[in-house]
Every structure is written in C-alpha cells, then in structure tokens.
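This document starts with one chain, in the form predicted alone, laid out as structure tokens.
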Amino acid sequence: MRVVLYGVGPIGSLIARLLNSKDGIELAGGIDVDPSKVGKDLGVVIGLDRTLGVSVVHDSQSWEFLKSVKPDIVIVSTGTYLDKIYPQIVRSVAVGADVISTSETLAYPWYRYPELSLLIDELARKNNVRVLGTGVNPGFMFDALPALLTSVSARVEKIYAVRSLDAAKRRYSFQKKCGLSLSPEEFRSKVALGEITAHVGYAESIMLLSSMLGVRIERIVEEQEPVVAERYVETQYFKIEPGKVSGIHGRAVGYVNGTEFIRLDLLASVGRKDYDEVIIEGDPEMRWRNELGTPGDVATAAMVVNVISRLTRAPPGLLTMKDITLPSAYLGDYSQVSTS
C-alpha cells in the first residue's frame, strides 16, 4: 500500500514513523512547504535513522508528484480549516487516492463548510475514493467513544464528556495555540483575530456524535476562556507569571428540544491532572474514566494509521467515523488490505 504524507510537521512525521513500522506499507514520499525539508529524503525529515529513497517535494509541485507516484492513500496533516486544505484534498482525490486528514473541521465538515463538503463528496464518488477526517479529538474522545459506550443503552437522556490534560506535556504548537504566557486580554484578542485558535472541533464532535445516535441537534453553543495562573509555572517553552494564561477551558453544548443533550468540556492547563471521562445519563447509567489520560499526538497518529484498514472497505465519498466499521488497532499486514 503506497502512502504519501501531505504535511510532514510534528503530527505528519509521527504518522509517517508509525506507518514505516507496519508491514505492507510503502512510504512513497512527502509534500511540504518548509524549505528546510523540501528536497531532503523523507526518512531524514521524519526522524528515522536511515534514508527511505524518496524525497519531500514542495507543495507547488504536488500535482505532478501525485500523478507520478499514484499513491493508494494520502495522509493530509497540514491545517485545521477545510477551506485552507481543500486544494490539497482535491489534488489527492483527482489522482485516485483515498484521503485521511487530521483536519478538525473535516471530522464533520457539513457544519462549517456545506458547499465544500458537497464538492468533495461528488469528486470522491466520481473517482471511487474516500475522504475522512479523524484523529483523537475530534474522531474519538468526544464523539466515536461516547457513541460506542451507548451501544448498551436502552435510553440516553444526556451525554457529558470531559478531557483533562496537562498542557506542559504537549508539543510547542499546542501550547502556543492555547495562548500560554499571554495576558487574558491578549488571549481573547488573538482568539477573536484568529491568531490563535485554542481547540477547534467542539461543534464537529457534537454533530458527529449526534449523527451516530440519530439525533437532530437544533443549537450548539461553543465558548473558550483562558485559565489564569495563580503562581509562577513554566513549561519547556514558556515561562508563565501569576495572572498570565496557563491554559484553556473550552466547552460546548448541543441542545435537543431546548434541552441540553451533549456537553463537552476540555480543560488543558499547566500542571493539570490527565484524565478522560464520559458520563451517560439514561438506562443504564454509565461512567467511563481513563485515569491515565490519552496522549493526543500518538493517539492521533494511531487512529489515522489504524483506520486505514476500515476506510478501504467503506463506500466512496466524503465520510465520517459514522460511516466506517468499528475501528480498532490493526496489527496485520497492510498489503492484505483491499484498496479497491
């Protein structure tokens, strides 16, 4: 199975290294815009101790490159917003490749980008390929996992999911987008201007989860606020004085018939305890909790790699996690996975 990495930053490189450890996978090259990576061997760029004999090309050369390589799958890890990565998806689909992307807004793209979603779906069907956005969140913690837990529910009245994590353990780009070391006023201003995003995907998770349950969400409220340090703390990248931002508290609520049905809470700050929790009110009552937390980067990479075996058996078109069979770790030989 021939795979091209579209974007070889921290997440793309992590995905590539995991793919390289799998039987039946051939890394056929990479695409990026970073001049320090373009022209270099992909193995060197992603941090292997050996070369792979394939190079990283510039995004401006991607169309000719993809046509010459003819990959089975393209992994797109270049951006959050679908309108920004749309050309990359189109090029990949046009050469007959399935696409898996870590773009948060592609997890349920009809919410923010209904027109682009229609165009991608039509092009994917025309080329008999599949396009899927997934990862750890959206893609699992706030949507696919709660949906799976309701499999034994006779009645569901409300779903509450919490993701708590120590921001100091996350990579630089995550800490930066959460506004660490800014003043609360700077945080709010930069979020309003789009200079930082904090977490993106609350609404996508609510829409994805509700679609799995067959429930129509009538209204979604999303909000994020800074967590302010009460004492001096620091990370590998930031020194945070008291009164400065040490993390975020994001939340979203999805309403059905005027009543809160899905509530999501993301708490990410320096020194916070790692854990994940899902509470389902109904019959029976259920509480699932992971006391260790879920490391976001490796979990995202694992989801992207593991879902390949399910994606290739799904119908063509623009898909979500709702449209593939129950995911799991795939420990077999990828050369045995059908790419038809």
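Quick note: we count residues from 1 along the sequence shown, nothing fancier. Just so it is clear, the structure is predicted and the values come from calculations on it, not from any experiment.
In what follows, reference is made to the form predicted together with a small molecule, a form of this protein that is not presented.
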| query | finding |
| --- | --- |
| Proximity of residue 104 to the small molecule in the predicted bound form, heavy atoms at 4.5 Å | yes |
| is_contact(residue 183, the small molecule) in the predicted bound form, heavy atom dist at most 4.5 Å | no |
| Residue 153 within 4.5 Å of the small molecule in the predicted bound form, heavy atoms | no |
| 4.5 angstroms heavy atom contact with the small molecule in the predicted bound form for residue 190 | no |
| Residues 175, 246 and 248 all lining the small molecule in the predicted bound form, heavy atom within 4.5 Å | no |
| Residue stretch of 29-37, 308-316, 63-71, 272-280 approaching the small molecule in the predicted bound form, non-hydrogen atom distance within 4.5 Å | 29-37 |
| In the predicted bound form, the residue from 179, 109, 146, 135 that sits within 4.5 Å of the small molecule by heavy atoms | 135 |
